[in-house]
Structure formats: C-alpha cells, structure tokens
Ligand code: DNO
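The chain that follows stands alone, in the form predicted on its own, written as structure tokens.
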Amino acid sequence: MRQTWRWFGPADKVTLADARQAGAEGIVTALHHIPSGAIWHAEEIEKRQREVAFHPDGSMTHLKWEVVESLPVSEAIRTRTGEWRAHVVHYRRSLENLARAGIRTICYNFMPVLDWTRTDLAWRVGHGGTAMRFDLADFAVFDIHILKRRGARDDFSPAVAAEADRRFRDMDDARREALAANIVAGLPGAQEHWTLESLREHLAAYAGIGPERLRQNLIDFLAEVAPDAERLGLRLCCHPDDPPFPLLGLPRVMSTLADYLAVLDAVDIPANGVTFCTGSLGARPDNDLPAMAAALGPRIHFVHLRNVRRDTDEVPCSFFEDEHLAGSTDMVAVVAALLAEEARRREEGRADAEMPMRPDHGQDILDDLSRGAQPGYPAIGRLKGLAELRGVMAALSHPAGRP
C-alpha cells in the first residue's frame, strides 16, 4: 500500500517536513476553506498543489497531493432540498477540475450534519498520552440536557440515560461547555461552525428523512456523479459513518457491510468505491473487518488504518482511539486481507493495484502533548502508527513471513 499522510494546509501545526520525515510518500488534503456546495476552481487546486510541492522557503518537499479528503457533499444534496441541483452541478465541475490537475482519488462522506463525533479530544490513556474518546453517557448528557433535543432520552437505554442525568448534575458550566465544544468541533479552516441553535436548525431539516430515504439520496447522487468520475478516470470512495450508529436522531447509512453492498450494487461501476476506515467500522462489534476487506476489496480505493478499543461489545457503545496495533480490531489480519487484494489486482493488471493508505488518527505522545495539532492528527503519534503498520506490511510481504 502507498503510504500517505493527511495535511490540513499551511496552518497545520504538523508540517510537510514532518510528514516527509515520518516516511510519507504522498499527501492527503482538501480545500477546507471552500464552502460545501461551491466549485473547486482550477486556480485553488493548483495553489494547493504548489503548497504541497514546495516548502515555504521554496525548496521542494518531494511530495504530491495524491488523495482528496474530502470533497464535501452539501447538506442540500443529502436532503435534496434548497439549491441541491446547483450543488450537484458544482460537484461535477469540481471533479473535472481535479481530473485535469491529475488527482484521481476523491474521498467523501454522507454523514448528516456532523462529521466524526467525539466527546473528549484529549482523554488521558494509561501511558500518559492522550487520545480521542466517544463516551456514550457523555454524549447522552449533551443530547438530553445541553442540546435538549426532543425525544433524545428515548434513544438511549434507561441505564445510559440515568448515568447521563447523574453526570449532568455533577458537571460545572465549564465542563458542560467543553463537552458541547468537543462534539461540534470541526476541521481546521472548515466553513461549518456549529452553535447549538444552528445545530437544532440542521437537525430539523432531517425531519421525515429516515435511513431508506437517505440511502436513496446517496444512490441518486452517485448515479449523477459516478459516471463522470468513471469517464474522467477518477475513484470516488465513501467514508463510513463515524461512529457507525445513529446519533442525534439522524439516520446513518454507511456503517456496515450490508450498507456498502447496497450502494455499490445500486451504482455498479468501478469508480463508485469505498474508503475502508478500520477505526470507524471497528466501533461496531458486528463488523468483521478482515472479512469486510475481502468482500469489498475490488472497490476499495482508499484505506484508513487506525484502531479503537470498545468499552463493551454493544451497539452503540463507548470507545477510544487505541494504538494502531492494539484495540479491538485485528489489524494484522486486516492488512493481510488488503495486501491479498493488491496481489489479486496485480494479477489482473489493474492500474490501481497499489491502494493509498494513511495512518489515521493517533495518540498524542511525547512532543505532541505541547504542539497543539489538530485533534487526532499529531506528528509523533501518527509516525509511530505508520512505523508499526509499515513493519506489519514488510513482514507480511517478506518471503520468510509467508505461509
């Protein structure tokens, strides 16, 4: 697998020099400053390509922008309301501009309103570092007592709701504000910045939209853009829900193998594919990740390798971001399945035999603890993860390590 690294642009506190020293072969980035639904014009794409190719002093980084993460799908497209038709046209224009720039892999997601969701962005782990955590009871505190969403209590078990009541009583105002801020946190430079009131308004837009309709909206969107991607030689890859179960009363439709197969079968062309994220999918105990990697293999266009440790084997559940070779997922078995898929592709003569992967997330360790990088994207924690994954790939690919 080709080893890539996510970079959030010039403001990222983890630099391209850091990425290069960590062993990255390519860069994953996006134009976070452009609002969802707007066109990615050629000039903006070329500017970001230059920023990736050259250090601020003008010297070459020896890196290229290889994967887009993400070209966002607007809320209008997801709900098929408002200016959604214009946004689809803009999406297709953006794909054309990316193709002309030579960027072939386009990651996106179809998660309603919120992207990934965590309740703690710096949870202390046993070795003294920090990790991101999703705590179901804390999320219930936010949903029931802070957001005060109608019907929220009914979406949690009585035990979780009772624990949320207790925790809310014990929280001071600062802790409540921090919890809310963690849950609505976005990516650096992104245009979406939620307040409680704007979040309530966006939730209201999904009234009457259940999982069947949301899935059909995704299929209808792909039916319009995936043929363009195929013609342009692009690979679209949908990221799974994170976490992979419903939150805030919203449907989630890319959480399981059945979810992916339904969408891949409905728009059955090679350009319509998968971002295989082991961390997102691994938060469900009923997802067999090595088996999923094998089943989805021919349509996996991009890979995120990270691990989570579930508190319980229930859906939903609490979990935290564990070390890459620890956690609840058998990462060695997953990597073996992905390497087997690459070998199969080489035998077929596929041009995309080598899949881009990146070490997703990472624990803040050592100097990460004072750097203040984007939560989940530290320098040393990801370097450690990439080194471990590189070792697994080397061992599984070595003749002495094969059965």
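Quick note: we count residues from 1 along the sequence shown, nothing fancier. Keep in mind that this is a model prediction, so the values were computed, not measured.
Beyond the structure shown, there is the form predicted in complex with this ligand, which is absent from this document and is the topic of what follows.
**Report entry** Contact of residue 66 with this ligand in the predicted complex (heavy atom, 4.5 Å)
**Finding:** Contact with this ligand, no.
Report task. Decide whether residue 360 counts as a contact residue for this ligand in the predicted complex under a heavy atom distance cut-off of 4.5 Å. Result -> Heavy-atom contact with this ligand at 4.5 Å: present for residue 360.
Query raised in the report: For residue 320, is any heavy atom within 4.5 Å of this ligand in the predicted complex, or not?
Result: No, residue 320 stays farther than 4.5 Å from this ligand in the predicted complex.
Query - this ligand contact in the predicted complex: residue 108, any heavy atom under 4.5 Å - result: Yes - in the predicted complex, heavy atoms of residue 108 and this ligand come within 4.5 Å of each other.
Query raised in the report: With the partner removed from view, which of 157-165, 115-123, 195-203, 245-253 is the stretch that lies within 4.5 Å of this ligand in the predicted complex, judged by heavy atom distances?
Result: Result for this chain: 115-123.
Query raised in the report: Considering this ligand in the predicted complex, which of 284, 133, 235, 239 comes within 4.5 Å of it through any heavy atom?
Result: Answer to the contact question: 239.
Query raised in the report: Of these, 87, 299, 304, 310, which has a heavy atom no more than 4.5 Å from this ligand in the predicted complex?
Result: Of the listed residues, the single hit is 304.
**Report entry** Heavy atom contacts to this ligand in the predicted complex at 4.5 Å, residues of 1-29 in sequence order
**Finding:** Going through 1-29 in order - heavy atoms within 4.5 Å of this ligand in the predicted complex - there is one hit, 6.
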